[in-house]
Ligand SMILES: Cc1ncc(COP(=O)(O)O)c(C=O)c1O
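The chain that follows stands alone, in the form predicted alone, written as structure tokens.
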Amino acid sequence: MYPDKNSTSAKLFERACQFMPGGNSRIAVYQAPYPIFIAEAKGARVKDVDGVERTDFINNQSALVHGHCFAPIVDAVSKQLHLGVSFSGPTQAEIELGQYMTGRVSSVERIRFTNSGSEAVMFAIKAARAYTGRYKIAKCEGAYHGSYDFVEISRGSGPATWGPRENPEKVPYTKGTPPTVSENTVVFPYNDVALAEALLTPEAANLAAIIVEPVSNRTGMIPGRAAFFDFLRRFSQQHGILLIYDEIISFRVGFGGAQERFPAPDLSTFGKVIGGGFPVGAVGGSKDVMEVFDQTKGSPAVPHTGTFNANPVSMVAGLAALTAFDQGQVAMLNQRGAAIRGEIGKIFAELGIEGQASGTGSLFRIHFRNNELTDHRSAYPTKPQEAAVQSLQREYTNRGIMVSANCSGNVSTAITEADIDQFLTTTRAALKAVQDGRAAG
């Protein structure tokens, strides 16, 4: 039963804290009083260092679309390991994944690879600034786009700091963020055409880029409204601003990404599923804009390098993952995600608990609230709602299911119908425990 101060995980965390601040290198994997350390995994099953096995609905923050140790990825990576893992020179593997991505995503004519989604976003913004000669960017309130200062503004804003909806405060995410960062970032609500226009128009001549998620992660994996994206495309073209779609999480919801349902962007960022479980990121877009990276004609407008960029292990793993994630697999996962969300909604209703499961495609998140979720503020939990989510996540953990700390998750191709049945049965029991006030913890 978690937590157990005598467990191997608890002891490993105590040891880790002696060498690393906070005991790890990823804040996302921490949970109080200690994180659960993983020993091994296969398919949809993860075994921790204490020998407890759980069904994985996190899949390393949605990166593992085929679950763990997917045979085609293992084979491709094993072969590459014997050929070398990184070189001071390009490889054919980079070309093959690049060609595949430009064929799969209609808005991407040219692409370059990075080592993370954060890097991809940073270079997309650098590209927009170089291309337009402007410096300011605009982003949605509450949106997560990685760890670049400018896109972290208002990422963690809440009722005490976010100010009026009509003019959101620009809230730095980390202490020590220079004031100039906020001065060069415009914040506007997701899915609200009128407020977006009112907030963007005064800065239109200064904006290099508008960055937005086709599926809003921190709001609850909710899709953007068509009218909102039509406006952003029209507004950005009218004012010479580049429109960037952050598809790092949402790419899995459509064969060509979530952007299939919206007007084409100028640039897109990718990560997670395109690396097959290995470190990866990418920025891609129109040939014209991507020329800012071209060094063949002299010093480029945006020099882009990195020791492990496009390393062949990530490239072959990504190609193996994506070629297996075809139209049929995308549709299957989306159907299963929709079924999970629908059934969770029914369970809430049957138990008489206020709550819902939001999401898109194979992505879901559980909330203890019934209002329509449209943006950061509409999905922001109250203290009691947050406590209920934490209790529910603890129940899942102790009943053999892995979901994220905010009770979000995703479906991999390794998940079976039986796994989904188990998940829903567990959801009912876990929600009942929370309702009765007997949740573990």
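Since the structure is predicted, the reported quantities are computational estimates derived from the model, not experimental observations. Residue numbers run from 1 along the displayed sequence.
Missing here is the form predicted in complex with the ligand; even so, the following discussion is about that form.
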Open item on the list: Within 4.5 Å, heavy atoms only, which of Ala258, Ile249, Ala76, Met315 is in contact with the ligand in the predicted bound form?
Closed with: Ile249
Open item on the list: By the heavy atom within 4.5 Å rule, which residue out of Phe348, Tyr144, Phe150, Phe231 makes contact with the ligand in the predicted bound form?
Closed with: Tyr144
Task: Heavy atom of each of Arg129, Asp266 and Ser268 within 4.5 Å of the ligand in the predicted bound form - done: no
TODO: Choose from 355-363, 82-90, 111-119, 132-140 the stretch whose residues reach within 4.5 Å of the ligand in the predicted bound form, heavy atoms counted.
DONE: 111-119
TODO: Report whether the minimum heavy atom distance between Asn217 and the ligand in the predicted bound form is within 4.5 Å.
DONE: yes
